Structures are given as structure tokens and as C-alpha cells.
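The C-alpha cells that follow cover one protein chain in two forms, given apart as structure 1 and structure 2.
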Structure 1
Amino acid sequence: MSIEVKDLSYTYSVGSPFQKEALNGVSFSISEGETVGIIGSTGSGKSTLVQHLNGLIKLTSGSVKVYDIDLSIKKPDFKQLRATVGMLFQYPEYQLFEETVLKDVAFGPLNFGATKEEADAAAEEAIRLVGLDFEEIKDKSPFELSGGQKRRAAIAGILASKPKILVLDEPTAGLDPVGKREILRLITSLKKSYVKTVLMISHNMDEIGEYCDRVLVMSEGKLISDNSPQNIFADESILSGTGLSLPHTARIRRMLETQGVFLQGNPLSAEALAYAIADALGGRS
């Protein structure tokens, strides 16, 4: 088991007029190799939840275990934890800060105890891994890069420390459709060859439906559903009251049903939907 969370609760600003319960009795486990989507409206507890996974928020109630690192003990090994769990925040390009791309990407390994030579080698590997031309950009300022390149450089900065778990908070936010597709393809490629487990927060239900094996649905600090995207998006009542909508593919399927066209299964990618419609109409032309 790569992640095990039991009865996790958290309250901000305890004892003040601004006290707010962010998490209430959340429990789930994630096996190594899964890609898990986390969805919910703003304020549902998604970010508070994932920030517990690498110790950015201190555990106060319940238990969290990441591989063999138990955050319930008095002094967890936060250094090992943060090397294990790589976290990419929303608009990660705003996290870029060094004078060159190479220095920025090498910062993580250096911080975790690598020599300069080891850190530079890890940074070069990560930069190439995310599809950037190492020789072309290594000495550039991160701020000279395009938006898509900045996003890739920020991902490289996480990968350079070789995490087992990658947590992505709205990884495609602010990108155009082409940029979104490129980042999602990159994440899929990394999952196959480099990172074992991926957690992805997103308000984009199409991305969650197409790229995730499982979906955790958060509402008002509680985990209200944990199931496959096919099962989650087949039952509209699960998302009722969350402020979330069905993926476009699920909405098209429902619209077709009102016209007497019934599809096999619950296709959640555009390609799968197209094949299902062709099958329903008697051919794959």
C-alpha cells in the first residue's frame, strides 16, 4: 500500500472566530500504481487532504501512512517523506525562482543531500524526461520560457528528486487546449515509465474521467464516494450538491438516450465515445 489514510480530520484556526472544519473523518487507501482523481467544489477539503500527504500540514487527528513513513509518530522523517511525495501546486510555474533552469530543477536533489554533480545529473535526466531540449534551455532564465515550457520545467523540478508518488493540483489550469493535452500526455508517459502512483486534483471532469483509475469525491470536508470514474459518472446523484457537473462524454451519452440511442458501457474519452456511437448506429465508419 503506498498511501493509507484513516479517520483524518483537520480544523483551521482552532479557537478563533475563523475556525473552520476542513476535513472530517476521511479514510481511504491507495495501492502502488494507481492513478487517483480527487474532485470536489472549492472548499471541499481537497488541497488540505493532499497537503497532509507530504507534511505541509501537520497531522492533528487520525493517521496517515505513506509507504513505511508513519505521520502519526512524534517525529516523522519529513525529509524522506518529501522525497517520496512530489507535489505540484496549481500554476507551478510561479514556483520557479532560480537564475537558470538547470539550477531550479537541481534545487530539490541538492536540498535532499545530493552532491552538485549528482543533482545536475538528476536535473538533466528530468529536463529531458519532460520533453525539453536540455542544451537549449539549461542556462536560460526560467522566466524566458513559454507557458508550456515553464509548466514542464516545474514538473522536472519535482521529478529530479525521483518521487514514488506524484500529487498534481490542477495540472492543466491556465493552459490552452493544446497545452492541456500535452501535459496530460506527459503525465500518462511518466506514469508508465517513471512515477509509480499519481494523485490528481482537477475541476475538469473530462480529464478525471479519461485519465484516472479511481475517483475520490469530496464534499464539505467528507469523502462521499470512492469508486471508478465509470461508476461515479454513471450515477448523477453522487455529484448532486457538490457543484460539479458530469463530463461532456457522459452528458452526450444521456442526451443520446433521450433520442433512443443507447451506448454500451459508459465511455469517458472522446475516442471511446465515438466508437460507442458508431457501434450503436450499426458501423464504425
Structure 2
Amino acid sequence: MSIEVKDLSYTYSVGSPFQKEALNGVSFSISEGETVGIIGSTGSGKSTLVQHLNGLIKLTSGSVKVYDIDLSIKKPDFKQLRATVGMLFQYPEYQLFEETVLKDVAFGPLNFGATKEEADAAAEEAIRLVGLDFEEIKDKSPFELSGGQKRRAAIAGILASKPKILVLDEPTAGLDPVGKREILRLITSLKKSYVKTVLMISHNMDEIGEYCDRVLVMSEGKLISDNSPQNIFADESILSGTGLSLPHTARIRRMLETQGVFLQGNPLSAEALAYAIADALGGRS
């Protein structure tokens, strides 16, 4: 098991007028190898939840275990935890700060105690892994890169510490369609490297449906559903009251159903949907 969360609750600003319950009794576990999407409206507790996973928020109630690092003990090994769980925040390109891309990407491993040579080697590997031309960009200022390149460089900065678990908060926000696809494909391909498990927060139901093999639905601090995207997006019932909506593909399938056209399964990509519709049409004629 790579992540085990049991009965996790968290309240911000306890005892102040701003006291707000952000998480309430959240439990789930994630096995190595899974790509898990986390969906929910703004304020549903998604970010509070993932910030627990690498100790950015101190555990106050319930338990969290990441591999054999137990966060409910008195002094958990935070250094080990943060080397295990790489966290990519929203708009990570704003966090680039060094003079050169190489220095920026090598910053993580250096802080985890690697020598300069080790850190540079890890940085080179990470830069190549995200599909950037190492020789061309290593000495450039991160600020000279294009938007998509900056985001890749930021991801490389996380990967250089070789995390086993990658947590991404809205990794495609603000990117154009091609940039989005590239980042999603990159995330998928990373699982062939040292990254074993991916958790991804997104507001884009279409990409959650297409790229995740499991979805956690958060609403008002509670985990209200934990299932495959096919089941979560099977109809509107699970998402009702969450402010979320079905991906286009699932929505089309549902509308067809109410018109008496039934498709096989719950196709969540345009290709799979077209195939299923063609199948349904062909079978009758």
C-alpha cells in the first residue's frame, strides 16, 4: 500500500471566529501503480487533503501512512516523506527562481543532501524525462522559457528528487489544448520511471475521465465517492450537489440513453465514444 488515510479530519483556525472544518472523516488507501483523480468544487477539501500527504499540514485527527512513514507518531520522518511524495502546486511555473534551469531543477536533490554532481545528474535525467532539450535549455534562465516549457521545467524540479508518489494540483490549468495533452501524456509516461503512483486534482472532468483509473469525489470536506471514472460518471446521481458535472462523453451517453440508444460500457474518450456509437448504430441496421 503506498498511501493509507484513516478517518482524517482537519479544522482550520480552531477556536477563532474563522474556524472552518475542511476535512471530515476521510478514509481511503491507494496501491502502488494507481493514477487517482481527485475532484470537488473549490473549498471541498481537496488541497487540504493532499497537503497532509507530504506533511505541509500537521496531522491533528485520524491517521496517514505513506509507505512505512507513519504521520500519526510524535516525530515522523518528514525529510523521508518529502523525498517520497513530490508535490506540484497550481501554476508551478511561478515557483521557478534560480538563474538557470539546471540550477533550479537541481535545487531539490541538493537540499535532500545530494552532492553537486549527484544533483546535476538527477536534474539532467529529470529534464530529459519531461521531454525538454537538456543541452539547449540547461543554461537558460527559466524565465526565457515558453509557458509550456516552464511548466515542464517545474515538473522536472519535483522529479529530480525521484519521488515514488507524485501529487499534482491542477497540472493543466491555463494551458492550451495541445499543452494540456502533452502534460497529461507526460504524467502517464512518468509512471514508467521512478514515479509509481500519481494523484491528480483537476476541475476538468474530461481529462479525469480519460486519464485516471480511479476517482475520489470530495464534497464539503467529506469523501463522498471512491470508484472508477466509469462508475462515478455513470449518471448524475453521485455528482449531484457537488457543483461538478459529467464529462462531455458521459453526458452524451446519458442523453442517448434517455432517447433509447444504449451504448456498451461508459466510454470516456472521444474515440471510445465514437466507437461505441458506431457499434450501437451498426448493430441495428
Partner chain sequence: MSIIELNNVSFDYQSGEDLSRGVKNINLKIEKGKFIVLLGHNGSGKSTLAKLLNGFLIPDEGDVIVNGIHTKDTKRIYDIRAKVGMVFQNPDNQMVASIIEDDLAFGPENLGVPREEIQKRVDWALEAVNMNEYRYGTPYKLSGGQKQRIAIAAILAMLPEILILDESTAMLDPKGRAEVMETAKRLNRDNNMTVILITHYMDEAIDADEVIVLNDGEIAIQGTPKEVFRETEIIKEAGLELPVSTQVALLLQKAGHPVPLVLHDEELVEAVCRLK
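Remember, predicted model here, so these are calculated numbers, not experimental data. Whichever C-alpha set is largest while still superposing within 1.5 Å between the two forms counts as the rigid core. Residues are numbered by position in structure 1's sequence, first residue being 1.
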{"item": "Between structure 1 and structure 2, the form predicted in complex with the partner chain", "value": "2"}
{"item": "Residue 146 C-alpha relocation of at least 2 Å between the two structures, rigid core basis", "value": "no"}
{"item": "Residue 107 C-alpha relocation of at least 2 Å between the two structures, rigid core basis", "value": "no"}
{"item": "Threshold 2 Å Cα movement between the two structures at residue 193, rigid core reference", "value": "yes"}
